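Just the one chain here, laid out as C-alpha cells, in the form predicted alone.
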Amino acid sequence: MFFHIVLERNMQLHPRFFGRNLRENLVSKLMKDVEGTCSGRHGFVVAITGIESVGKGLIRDGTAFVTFPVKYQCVVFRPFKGEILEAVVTLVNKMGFFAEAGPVQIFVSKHLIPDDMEFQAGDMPNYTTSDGSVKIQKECEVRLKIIGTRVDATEIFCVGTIKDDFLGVINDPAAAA
C-alpha cells in the first residue's frame, strides 16, 4: 500500500555546494540519497513530493561539512499481510516461484499454489494446470495475496499465495505470442 508521509533527515553538505543554489543542492542530494531506499519502519521511499522545511545548518567540528535538518514529504510503499498485489514472476522452480511487485520480492511456495497445478521442468520451468489452460512462468503477471511479511532494517520480504478466489495468472505474455 502507498502512503504519503512526512519524514526528517539530517543532510551533510560540503562547503563547495554553498552559494546561491544551496537549497537546490540540498534538495538534489536528498533525492539522490533517499529515493529508492528502504527503511523497515516506513517501507520503500518511492518519491519525494515536497520539502516542508530546511533548518539552520550546524558546522561539524573538525570537518568543513554542515548538517542541515530537512523535513520532507514523500510517497512510501509498504506491503501488509492480507493485501492483494499484482506482480511479475521472476523465477520458477520446484519449490514455488518468486515474483516482484515494484521493489518487493514475494515468494509463493508450491503448497500455496492450487493443487491442480503441476511443476513442469525444462528450458522454461513453469506450473501448469492439468488441462494446460493456465501456465505460470517467468515474465507472466499474477495476482496474489500476501500472507506474511518480514521486515529487516533495509529490506522487506513477503510470502504470498494464489490459492484463493480471483487470484492467479492475469496476463501471460508467452500465451499472446
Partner chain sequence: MAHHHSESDDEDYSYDDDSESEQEEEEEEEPRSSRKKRGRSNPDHSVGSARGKKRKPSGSIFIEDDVIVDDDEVEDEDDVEDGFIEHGEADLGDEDVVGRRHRPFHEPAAFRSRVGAEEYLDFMQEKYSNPRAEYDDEDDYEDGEPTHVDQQALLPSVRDPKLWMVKCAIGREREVAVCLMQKAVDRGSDFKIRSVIALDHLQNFIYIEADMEAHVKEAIKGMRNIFANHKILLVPIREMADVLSVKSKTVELARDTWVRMKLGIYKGDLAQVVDVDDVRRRVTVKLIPRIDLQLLADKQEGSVIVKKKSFVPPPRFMNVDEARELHIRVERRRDRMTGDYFENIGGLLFKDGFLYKKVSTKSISTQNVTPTFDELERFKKSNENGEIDFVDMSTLFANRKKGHFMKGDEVIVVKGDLKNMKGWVEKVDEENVLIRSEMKGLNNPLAVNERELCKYFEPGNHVKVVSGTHKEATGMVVKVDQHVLFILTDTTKQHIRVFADHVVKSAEVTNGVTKMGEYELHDLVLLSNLSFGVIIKLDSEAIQVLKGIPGRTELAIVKHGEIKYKIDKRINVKDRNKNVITVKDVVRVTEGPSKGKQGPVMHIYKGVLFLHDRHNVEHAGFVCVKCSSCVLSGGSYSGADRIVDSFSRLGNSKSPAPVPPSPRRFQRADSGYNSGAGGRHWSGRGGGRGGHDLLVGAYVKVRLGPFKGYRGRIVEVKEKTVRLEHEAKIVTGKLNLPLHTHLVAAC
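What you see is a predicted model; the values in this text were computed from it and never measured. Residue numbers count along the first chain shown, from 1.
Just so it is clear, the following notes concern the form predicted together with its partner chain, a form of the same protein that is not shown.
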Selected contact from Lys110, Arg143, His42, Lys138, since only one has a non-hydrogen atom within 4.5 angstroms of its partner chain in the predicted bound form: Lys110
All of Met1, Phe77 and Ile84 within 4.5 Å of its partner chain in the predicted bound form, heavy atom check: no
Contact segment among 51 to 59, 110 to 118, 66 to 74, 129 to 137, judged by heavy atoms lying within 4.5 Å of its partner chain in the predicted bound form: 110 to 118
Its partner chain contact in the predicted bound form: Ile147, any heavy atom under 4.5 Å: yes
Asp164 within 4.5 Å of its partner chain in the predicted bound form, heavy atoms: no
4.5 Å heavy atom contact, Leu22 and its partner chain in the predicted bound form: no
Within 22 to 48, the residues that have a heavy atom no more than 4.5 Å from its partner chain in the predicted bound form: Lys29, Lys32, Asp33, Thr37
